[in-house]
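Quick heads-up: it's one chain on its own, the form predicted on its own, in structure tokens.
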């Protein structure tokens, strides 16, 4: 990353205003490679140098990536007049400028949402040609039958003529009316519409993984965790339905609790 003024970096990577940043610098709250730095015009390289504020490493040395376990009632947007947004769930120290949700979940759906300020990463993750798989734990009104999974695997056509890409699905063994489904696209309310076309109804939907990135089993509803940018690259991997299925079955109780169910 190119050199950047320290005060500009602090402005980009914290919720502090410019006037507040001058104050924290004067108080000696900022250190660069262990040395107190009070000059806002000091040039730094956040990809190489360690920069701390009040003893804590500066969030997002280059770009910020946060995994959030979204609860019901919040929308995936940066602002909204009607609902609270996923950004409202972040603690103050993670509310850096430029954050946005990379992708969306319906207001009544829960689970993994990536928040980042990296537009390039979001584009690669969401681009239709990428076909990044998204895995959902769904509770249905009735069981997902083998014939339902077979129809989904063929590529279902919805009642309005919309054609869906082939999707993998399988009922969870030993768990009544729960199933895991994997999509490679993101049409509006797609999971709900697909099961409706099969004569079933989605009662709850919880996203548990995107590509090779899993929602941490112990991350509670509404909680979030910052992850390294290189780890988020796992989201761009194809994943494996069988291994994801086994992980969900093994940790089903944890996922159910952390889905708020």
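Residue numbers count along the first chain shown, from 1. Nothing here was measured: the structure is a model prediction, and the numbers come from that model.
If you look for the form predicted together with a small molecule, you will not find it shown, but the lines that follow are about it.
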_Can you tell me if residue 190 lies within 4.5 angstroms of the small molecule in the predicted bound form, counting non-hydrogen atoms only?_
yes
_the small molecule contact at residue 80 in the predicted bound form, heavy atom, 4.5 Å_ = no
*According to a 4.5 angstroms non-hydrogen atom cut-off, is residue 205 in contact with the small molecule in the predicted bound form?*
yes
*4.5 angstroms heavy atom contact with the small molecule in the predicted bound form for residue 135*: no
*Could you work out which of 93, 168, 88, 106 is the residue within 4.5 angstroms of the small molecule in the predicted bound form, going by heavy atoms?*
106
_Please pick out the stretch from 216 to 224, 190 to 198, 45 to 53, 230 to 238 that is in contact with the small molecule in the predicted bound form, where contact means heavy atoms within 4.5 Å._
190 to 198
